[in-house]
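Okay, here we've got a single chain as C-alpha cells, the form predicted on its own, with questions on binding and movement later.
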C-alpha cells in the first residue's frame, strides 16, 4: 500500500510541476491545482485557502464549491476546521465534518452536502501560509497515506508560493513577495537609529525545483549530505577545542544523536519517495519541528528542538552547496537580520554592522549585551522579519521606538532621515560638553561614568566625557568563549582595560553569571526560577576556586595600581563579608608569593536586592562603596520579570514608591559615610537621571552614548526647583512623578 501511494504521489507531483510550469497568472495556476488534486485524489472538492496579511484565511481557489465564494469567504485563524489547521499546523481528517470540533457552516460555499473533510497546512519553515482541503459527499475515512500525499502536495505549493508562482497583477491576486513595504514593531534592545541594507545571518534557501524525477538519486544526495554532516559534528566533538563538559558539548552531542536518528532520516526518505527533492524533504521536517517548538513551553524540550532546527539548516547548506557570507563581503551599512544569534557570532560581525534585528531574543540576552557594547541599534522580537527580509533590501531601524521599516516608502524614509539629522545635530552639541562638568544651575556636581564589558568599548571613555568606568562586566569575556579563559589571558585583558582607562578609575564587577548568563562550558542546574536562583556571588561563594582564580587575575593585572572590586547580587551582610575575606586572603597569599599587589583596594557591593537596603549598619560601614544595580533591583522591587514583555513596562522607574526607596538608600549611605551610585539602563535616560539626582545620588553609571544627553539636561536645570516639582507630584497621590516632571521641564524650556 505504501509503495503504491508513493508512486501515485510521484505521478501527482510531476503533473503538478507540469501544471505550474504552464503560462498564466497566479489565479489560473491556483485553479488548475485544485482541479488536478481533486481528480487525482478522487475528491469532489479541492480548495486552497491562503493567509492574508491581516491574518485571515481567504478562499482563493476551489473545484467543487460555489465559485462565487472565491475571494469572498474569509475566516480568522482558529475559526472553523480550516482556521484550526492554520493555528495548530496539524492536519484534520474526518468522515463527519459537521459534527467535528470546531466546524463552522459557511452557506455561501455550498459545502453543506459534503460530509468528509481532509485539510493540511501549507507551510514553509514552520510558517503556515494557508490550508489545502479536499472534501467528499459520502463518508470517507482518509488513510494516513492519503493525508501524507496531500501534505506532500501542500509542501510543493508552499515552495512555489515562495517563488511567486501565485502572484499576479489583478486586484484579487496575491501581492508579489518581498516587494511590498513591511513594518514591524518589536522590543527595544538598544537605542539608536540606522538606515542600511539587509544582511541575513542565515539566508533563506529558495528551491526552484521541488519535485524530483529520480528518488534514488535524491536519496543518494541526502545520504551523502548526512554523512558529511555527521563527519562535521564528530570532528567538532573530537577536535579537542571544547572543554570536556559543558553546554557546547551537550549541544554537539544532541546534534550527533539527531544526525544518526533513524526516525528523522526515515521521514525525509519517505518524502523523497513521495516525489519531493531532497532539500524539500529536509524543509518539510524542519517545518514540522518549528511547529512543535511553537507549542512547547518546556525550556529543555525547546532547546532540543532548536538543536534539530540548527542541524536542519546545516544539512540544507550541505545539500545546496550554500555557504555563510564571508565577513569580508559585508556591505556598507549592513543591518543584520536573524531569528536569534549568539554573542560570539554577533561580536564576529562587530562594528561592521549598522544595526541588528532579531525575530526572537530578550532584553537581557547575551546578544543584547553585545549590541549595547558595540553601540548599535537593536530591535528584538520582530515578528516575521526573517520571512520577509531579503539580502540587499533597504531597511530602517529605530531602536528608540523598537520599530523596523523594511522596503520603506519614500515619505517614511524622508521622515526617518530627518530624525537622524536631528540626532546627529544633538551629538554635535554633546561633543561641546565633553570636558565640562555635569553641574546643575544651582551648583550640584554629578559624576557620570560609563558601563563597559569589552575592551572595544574603552576608546569611548574619552570622547564620551565619562569620568571613569563605573561598571566593568567581567563575565562578557567568559560568555563569548567556548572554553574557560586561562588566568594569564584574564590578567592580560584586565591589564589592558586599566591601561586604556589611564588615570580614570575602573570598577571591576566579579563574575555575574547564572540566571540568563549561562556559561557555555559550565553545567547549570535545573532551576524553576533562575533569576532568583544560583547566580553571581552565590556561585562564587559555593565554588570558591572560581572566585579565587578571578581575584588573582584582577590583583595581578593591577600591577601595583589602585584597584576597585565590586561583588554582584549581594543579598545579605554575611555574603559580602565572606567574599571580602576571600579577597584579603588572596591578596595576602599573592604578597607572600612575591607578586605585586595594588597600592589600594576599594571593595564594594551591588545593591540589587531590597534585602540589602535593610542590612545592619556594619555592612554599610564595611563597604567602601555601594552601587545600586537598577535593572535587577527594579524587577525584584516590583516583582516584575524584566524579560517578560507582559509586565516589563508595567512599572515606571519614576514610580513614587521606587523613588522613595532610592531616597531611603541614599540617606542611609550618606548617614554612614558610604559612597553610593546608581548603575543601569535607567541612569542613561536624562529625565530619570535628573530624578535620581534629586533623590540625592551624586554618581551615575550608564552606557557611553547616554552621558552627553544626561549631562546636557543636568546643566540646564535648577536641581532645587526640580526637587520641589517632584515632591509636589509625590504628595499628589499620583503613581509616578514622570508626567509632572516632564511638564515642569517643558515649562522651563529644558532641552529634552
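As the structure is a prediction and not an experimental result, all values here were calculated from the model. Positions refer to the first chain, counted from 1.
Unshown form predicted in complex with a small molecule; subsequent notes refer to it.
Residues with any non-hydrogen atom within 4.5 angstroms of the small molecule in the model of the complex fall in just one of 629-637, 332-340, 416-424, 667-675: 629-637. Under a 4.5 angstroms non-hydrogen atom cutoff, the small molecule in the model of the complex has residue 471 among its neighbouring residues. Interface membership of residue 680, defined by any non-hydrogen atom within 4.5 Å of the small molecule in the model of the complex, is confirmed. Interface membership of residue 475, defined by any non-hydrogen atom within 4.5 Å of the small molecule in the model of the complex, is confirmed. For the chain shown alone, residue 642 is a contact residue for the small molecule in the model of the complex, at least one non-hydrogen atom being within 4.5 angstroms. Checking 218, 608, 159, 457 against the small molecule in the model of the complex, a heavy atom within 4.5 Å turns up for just one residue: 608.
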